[in-house]
Each structure stands twice: as structure tokens, then as C-alpha cells.
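Presented as C-alpha cells, the chain that follows is alone, the form predicted on its own.
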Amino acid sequence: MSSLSSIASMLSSSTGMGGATREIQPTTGRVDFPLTVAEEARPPCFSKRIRAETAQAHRITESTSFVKSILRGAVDIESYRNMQTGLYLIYSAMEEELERHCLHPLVRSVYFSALSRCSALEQDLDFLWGEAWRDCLQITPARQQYVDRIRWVGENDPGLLVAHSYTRYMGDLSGGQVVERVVRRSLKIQGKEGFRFFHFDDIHDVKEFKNIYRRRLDGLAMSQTQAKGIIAESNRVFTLNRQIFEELEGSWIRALVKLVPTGFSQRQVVSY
């Protein structure tokens, strides 16, 4: 059969009753229909959203002189133990409220006993100050404001504790060992004593744990209003942290005078 007769045969077989033309289907059987409506883009998962919408507040907090000084190694024993004292006051309040509300529908999703820092901080302060370390606890205006906010949240809107957990613990897991390495080099201290805060002994794979935490954030059963509230509270927490650091800048200046000739010149950025 010639090529022309083959084409004629195909055309003939494709006509049906009344001479109507049938569309020849591909041999695979696949039929593609034109897309009339573009598929709407899915909204970002909550863990990405909270990270993106707190990024600016995070950068501003990291830009304080005290944080820069720590990352450059300009720290002495006085400024370090002053910093850890402030952390103890904050974590004591936060972890008390997290435990009190650990069965709350939102809080329970991000409540992990392995994250608790109070016991580690108590051991660090015992090493840094001595057995009478509790007598050295000083509540400054910025620390008081931070603690008051934690207590208010626990009493009035416990779901917002998710923001406090996220901002503090993810920061500790992401950048704690960077801070430890710099401070340890500056103070010339060996061993774990004084640095237990930076070690999560019950978490064996930090990267995987952070992924688990993010998945818990993504799975929170909350309304858009609640989601916006948690993001707003996270930004507030960064502001409270910045105010704590600004209070500590006096001790940084003393340390800088002593240590800047041998301090680091490289800044390391911490990302959640």
C-alpha cells in the first residue's frame, strides 16, 4: 500500500456516521484537557511562616552590641555569669508556665521535657557563683518585664507560650554551641562545668529534633487568629531579648577593654 493510500485509509476510518470526524486518540490512551483554572499556590507551612515573619526581629536582636561582642569573644567571667543569671530568671518562669499548661491543646504539641534548661542553669550558676548563687540573682527592669510577660501569657492566653518555647529553644539548639565555643575560648575554661546550659544531654540528634519540632508547629490545630497571635508574640519575645542584651552592654564594654586585642573578628550568624 502506498503512503497516499495509507493516509486515505486513516482518514476513512476516522469518519463515522454522518461524516462526522472522530479525534484520533494517542496510542497511550492519555487525553490531556486544557487547564481552565490555575491551581492556587498553597500557603507556607507554619514553621516557615513564623521563621519568615520573625526574621527582621531576629536580625535586630542579633545586631545588638552585646551579641556582637559575645560572638567576637569579648566576654569576661563577670559578663558571662551575669548573662546566665538573667537566663535562669527567664527560663524559670517560662518552664514553670510550660509545665503548668503542658496539656493545653497547643502547648502540648511543643512540650518536651528534654528541652528544659533550669537544672542545667542551676549547675552552671553553682559553678560560676558558688553555693550561695541564689543570693546573686538580680532582677533588672528588662528581666522583670520579660518575666511579667511570661506570667501574663500563662494566666491569660497560654497558647502564646508556643511563641516563647519556639523563640528560646530553637535559638538554643541552633546557636548555643557557637556561643559556648567562643565564651569557652575567651574564659579558657575546660570541661562541661559552667556550660551545661548549652548541652541537651537527652537529645542525641539535634538536627532531627529540630525537624520534629517544626513538624509539630506545622501540625498545630489553630485558627488564623491564633497563628497570627503566636507570630506577634514571637516578635515580642525577640524585643524582650534585645532589651535584656541592651542592659548587659555595660558588662560588655568592660570585657571589650580587657579582651578585644585577642578577641574574634568573625561574626557568625545563627539561624533557626
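Note that the coordinates shown come from a computational prediction; the quantities given were computed from them, not determined experimentally. Position 1 is the first residue in the sequence shown; the rest follow in order.
One more form of this protein exists, namely the form predicted in complex with a small molecule; it is left out here, but the text below deals with it.
- When the small molecule is considered in the predicted bound form, His104 lies well away from it, no heavy atom lying within 4.5 Å.
- The small molecule is not shown here, and in the predicted bound form it never comes within 4.5 Å of any heavy atom of Ile231.
- Although the partner is absent here, Arg72 lies well away from the small molecule in the predicted bound form, with no heavy atom inside 4.5 Å.
- At least one heavy atom of Arg51 is located within 4.5 Å of the small molecule in the predicted bound form.
- Each of Gly175, Val179 and Phe245 places at least one heavy atom within 4.5 Å of the small molecule in the predicted bound form.
- In plain terms, the part of the chain that comes close to the small molecule in the predicted bound form, with a heavy atom within 4.5 Å, is 165-173 out of 184-192, 151-159, 165-173, 133-141.
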